[in-house]
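Read the single chain below, which is given as structure tokens and is the form predicted on its own.
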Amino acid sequence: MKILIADDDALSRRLLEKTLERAGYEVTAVENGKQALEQLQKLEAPRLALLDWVMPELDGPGVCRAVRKRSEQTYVYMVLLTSKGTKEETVLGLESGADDYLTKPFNAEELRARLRVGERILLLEDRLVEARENMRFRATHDPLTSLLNRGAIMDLLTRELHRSHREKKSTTILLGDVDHFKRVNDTYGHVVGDEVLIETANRLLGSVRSYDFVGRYGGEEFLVVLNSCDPAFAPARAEAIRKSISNGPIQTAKGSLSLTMSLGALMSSDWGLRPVEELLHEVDTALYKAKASGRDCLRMAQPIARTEPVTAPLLQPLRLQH
């Protein structure tokens, strides 16, 4: 594990470095508080730090305060080292953000024991962060396909439509439906149906850019948001996405299955800043036309001229039944 030593006394710094290297730590040693803070602000910074109280340019408590101000930084366990050790100084050091306190000269075994406490605390913090991120992922992603769930992609679509309107760009919205999916479930079972949905999600993700959005809209329906998509190329991009589904059979537990998808599409530049509810109604209507035209095809939603401006706020969509 990485550890930082900050001590302006060269002899003390060298003794600490040797002691910790023998204990298996990867040591970075600096001679003042400014250098210590620079090291702790790096991307792969040490997460354990031994800081001398009195140092040039920035003292140990000053380093602690500066580190604690960076809320986005992963937690650093910091131990202050001093030759005084009064109660007042202990309180001051801990209030500055230090986690522990050692008085010089200290016992090497005690130092290692206190650092092991720090390692346990860092491990606990990592587990809490991991648990938090897992909860956040589950709240915003579909459990089967790991795509964005409906609520998350609708929120991102709303923001993207506002952004594209503000920047005078265009967002392309695609609503896709796996053709004859009920037949797959009825013939091969829901396990194979799940395999089809997972592979469909993977193919959709593989056919868009890293900054586009793909979400599971419901059942066998998928919503794709192409950000800053040039209207001149939007139909071709939508066609490429549709073809990515039918390019090759899907391998399942019951053998290979051919798969196609029907798509409805809309370019926001053709519609202005209309409510999300209205835009998704139009995309859904285009999808219905694609399915009515024999499936495995794309239909673009075309706006009808309106005489009055639309000022309604962006709303959450109502689902239409096919």
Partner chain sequence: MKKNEDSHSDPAWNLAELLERVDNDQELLRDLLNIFKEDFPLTMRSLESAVAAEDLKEAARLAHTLKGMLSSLGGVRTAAAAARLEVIASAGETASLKGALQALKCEAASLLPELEAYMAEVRH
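Positions refer to the first chain, counted from 1. As the structure is a prediction and not an experimental result, all values here were calculated from the model.
Not on display, but discussed next: the form predicted in complex with its partner chain.
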Legend entry - Heavy atom of F106 within 4.5 Å of its partner chain in the predicted bound form: yes
Inset, instruction - Flag Q302 as yes or no: does it have a non-hydrogen atom within 4.5 angstroms of any non-hydrogen atom of its partner chain in the predicted bound form? - result: no
Legend entry - V54, heavy atom within 4.5 angstroms of its partner chain in the predicted bound form: yes
Legend entry - Contact of K169 with its partner chain in the predicted bound form (heavy atom, 4.5 Å): no
Legend entry - The unique member of T140, Q73, T90, S83 whose heavy atoms fall within 4.5 Å of its partner chain in the predicted bound form: S83
Inset, instruction - Would you mind checking 1-35 for residues with a heavy atom within 4.5 Å of its partner chain in the predicted bound form? - result: D8, D9, A10, L11, S12, R14, L15, K18, T19, R22
